[in-house]
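What follows is one chain in structure tokens, specifically the form predicted alone.
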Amino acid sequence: MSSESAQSSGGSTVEYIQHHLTNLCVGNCDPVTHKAAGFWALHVDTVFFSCLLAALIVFVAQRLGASLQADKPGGFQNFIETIIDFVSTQVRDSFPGHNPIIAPLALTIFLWVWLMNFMDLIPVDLLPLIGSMFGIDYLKVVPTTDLSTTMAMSLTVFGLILYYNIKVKGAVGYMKMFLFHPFGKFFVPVNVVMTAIEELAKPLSLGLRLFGNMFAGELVFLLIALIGGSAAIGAGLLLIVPLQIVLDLAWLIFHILVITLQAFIFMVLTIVYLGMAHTEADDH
């Protein structure tokens, strides 16, 4: 369903936006709104594009690993090595001590989140239009505009935070952090509440920040696409279409910075939170 068809068929702007922001839902889904109506609902498009991009990372990594040249590295190898050096620098600057998992985890997060964000730069009507040719009525192609994706990633990171907190500090040491941080032993009830809020804020800040920024960016692209739809039925076609092209190009260039920044923030916060989990209880 393109912006032009939405306008010509009498569909409102709200209906067009809602259509593009609706996932391909299977399972426990509302038959009217096509939204998830319970826990046993699956957003097939989110899972498909997330796994497809993850498989792309694995495929490229395997091909690159099989063709590494130490003496004469190619342009793509130099580009990948630059990204690896960049991530390694962030880990060295933000993570205390050494853990062999942190750098690969940070690199994976940065690349995967960036690729999922990059899907937002594909014309908003292109893939849904192709999907409609195969009988797919709803197709949301940007996984990070789905709160399920961002919260699943942040909860996975939170699970690692809990694991390393207990591993490094010990179960008793981790419990002491709740009891005696930040105000000491005379304010135990306040400490428990404050520390619990601090810990729960970590996955929430990770998931909601990424989701909010990407969802807002998707809305802007949809609104720009609607300009062309209105031009198709109006008298100002020659004026509005160039305006749409300029706005779309300007927002696309700016959004490249946004998607990169959001991937970087998610990666850095993951490193910082895991670094905090690796500190001793006395150093917290």
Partner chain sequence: MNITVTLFAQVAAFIALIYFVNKVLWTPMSTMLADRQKRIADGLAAAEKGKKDQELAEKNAKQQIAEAKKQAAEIVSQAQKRSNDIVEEAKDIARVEADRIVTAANAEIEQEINRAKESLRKEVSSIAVAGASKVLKKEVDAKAHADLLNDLAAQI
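Numbering follows the first chain given and starts at 1. In this text, all values refer to a predicted model and were calculated from it rather than measured experimentally.
Not on display, but discussed next: the form predicted in complex with its partner chain.
**Message:** Within 4.5 Å, heavy atoms only: does Ala36 come near its partner chain in the predicted bound form?
**Reply:** Yes, Ala36 lies within 4.5 Å of its partner chain in the predicted bound form.
**Prompt:** Hey, in the predicted bound form, is Asp137 touching its partner chain, heavy atoms inside 4.5 Å?
**Reply:** Flag for Asp137 set to no.
**Item:** its partner chain contact in the predicted bound form: Ala70, any heavy atom under 4.5 Å
**Value:** Ala70: yes, in contact with its partner chain in the predicted bound form.
**Non-hydrogen atom contact Glu81 with its partner chain in the predicted bound form at 4.5 angstroms** = Glu81: contacts its partner chain in the predicted bound form.
**Message:** Which is the contacting stretch out of 118-126, 175-183, 101-109, 192-200, given heavy atoms within 4.5 Å of its partner chain in the predicted bound form?
**Reply:** Contact-bearing stretch, as computed: 101-109.
**Request:** Check each of Val188, Ile166, Leu155, Ile130 and return the one that places a heavy atom within 4.5 angstroms of its partner chain in the predicted bound form.
**Result:** Selected residue: Leu155.
**Item:** in the predicted bound form, the one of Leu243, Val58, Leu223, Leu249 near its partner chain [non-hydrogen atom within 4.5 angstroms]
**Value:** Exactly one listed residue reaches within 4.5 Å, namely Val58.
**Request:** Could you list the residues in 45-68 that come within 4.5 Å of its partner chain in the predicted bound form, counting only heavy atoms and keeping sequence order?
**Result:** Going through 45-68 in order - heavy atoms within 4.5 Å of its partner chain in the predicted bound form - the hits are Thr46, Val47, Ser50, Cys51, Ala54, Ile57, Val58, Ala61, Gln62, Leu64, Leu68.
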